[in-house]
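Just the one chain here, laid out as structure tokens, in the form predicted on its own.
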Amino acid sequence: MEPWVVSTSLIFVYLLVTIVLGVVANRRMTGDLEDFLLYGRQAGFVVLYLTVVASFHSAFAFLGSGGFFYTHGIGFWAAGTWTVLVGAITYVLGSRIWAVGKRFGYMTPADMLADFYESDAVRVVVALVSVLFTILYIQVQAQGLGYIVSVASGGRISFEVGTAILLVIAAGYLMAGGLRAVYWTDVVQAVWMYVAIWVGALVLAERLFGGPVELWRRVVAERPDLLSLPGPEGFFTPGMWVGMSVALSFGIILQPHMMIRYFTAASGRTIKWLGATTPIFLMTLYIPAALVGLGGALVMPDLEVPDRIFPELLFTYAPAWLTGMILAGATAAAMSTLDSILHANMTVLTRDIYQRFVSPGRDERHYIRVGRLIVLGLLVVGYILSVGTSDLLVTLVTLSGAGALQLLPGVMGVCFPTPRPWTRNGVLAGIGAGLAVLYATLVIWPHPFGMHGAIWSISANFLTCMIVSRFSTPPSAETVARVHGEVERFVYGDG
């Protein structure tokens, strides 16, 4: 049997597993909107842990990080401080989001912010920002899936066809089983992804260099520029480290597919354990990614698309069966995030736009049907973006995180009681200023003075929010007491 047949067949066996899980999840559904959108708020530690790490690490980690090591060298590890920050943010901020979500029935970030700031305008703006910037993340996963299938099949299945097939499968099991299907498939995907990247990297290092130690020696001798800072292309300046660390920690956590996971936890203790342990998975995945990227720079120095380095190395140097198993892991990495973002955007558009403004007061089954139709629309948008735009996966993820980062002042205003809360006008003005500065510092004048656009934008956001809040009306005393009182009971009570 030809190698491409073996590799492609194993990927499709994996896809069959996800379809079966989606069908089983559909049979377990209760027809309740909270069950479809939030797993009934019953996610325990193991399931929540695996779905969070699977959703956080995606095609970005499996493909994009290898491409970044290939191009820019070891500086990517320095920027990887975001993996530690994610744990701290989850422990402190995530547990507070869970507490108010559980108490007041929030389903989306916009639910929470609109309630506290007493504003439908806040709801709409937060919903639109959430969806706009995570659509970029759909593009990242779709491109990763297209690359994987195209390389595994030796080009016999085109990038466009591969992308379409896997998008349809991910949307299909989401529509069938809701968040329950997403969580169950993520459990399989997280384990498969982690084992696959480690096995693949170690096998390649052994076959090509005689092991990781010899690989490092070769890099020192032949490409010392990859072990320098700010790297071969001068990318990893201190300002870029800080910006990427903020955008890929706070920015990713504030994306709707991550915040919604906090609402689904069975308890606050589950969230705290999640925060304490997720950095272990997140950090250690970048060790094999470095072996792939740095080793690939030695043996395939002229690769046109750096993000393809891992599958290209596998298909050229690894046995077909192992290549198929590992590329199935890469597929798992992309799909575990893709299904989560499709679900989150469906939830936001259904809950915050359709149910609130278009057709309120309908039965829950109606909203579930509408949510499924929204997934189809997102599927089309994601496909169009993926086949028509950039290959730079890490760049797209950073942009997505920098956009979602603009929600930070508003979220902190809810979760951290202060003598004078932020106001509706302050939060809206801050988001507007932050997005304007983000555009200016990414497009018009990229990263001024070597500082990443994410830092300039969030600084402008906080400053604007603070100034406008000083001269505008805060939320009512009753709302502040209700929400901040719940936060204080959770933090200082028995949790």
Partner chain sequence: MSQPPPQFRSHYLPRTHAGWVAIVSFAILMAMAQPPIVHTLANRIEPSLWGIPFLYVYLLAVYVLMIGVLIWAMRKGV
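Positions refer to the first chain, counted from 1. Remember, predicted model here, so these are calculated numbers, not experimental data.
Only in words, not in the display: the form predicted in complex with the partner chain, which the text now covers.
Though the partner is left out of this view, T81 does reach within 4.5 Å of the partner chain in the model of the complex, counting heavy atoms only. Although the partner is absent here, K272 lies within 4.5 Å of the partner chain in the model of the complex, judged by heavy atoms. Interface residue remark: Y317 is not counted as part of the site for the partner chain in the model of the complex, having no heavy atom within 4.5 Å. Although the partner is absent from this view, Y147 stays clear of the partner chain in the model of the complex, with no non-hydrogen atom inside 4.5 angstroms. Contact here is defined as any heavy atom lying within 4.5 Å of the partner chain in the model of the complex, and by that definition each of P238, A276 and R489 is a contact residue. Exactly one of the stretches 336 to 344, 410 to 418, 171 to 179, 309 to 317 approaches the partner chain in the model of the complex with heavy atoms within 4.5 Å, and it is 410 to 418. Of the listed positions (L202, I384, I280, L132), a single one reaches within 4.5 angstroms of the partner chain by any non-hydrogen atom in the model of the complex, namely I280. Residue in contact with the partner chain in the model of the complex (any heavy atom within 4.5 Å), chosen from A121, V305, L227, V161: L227.
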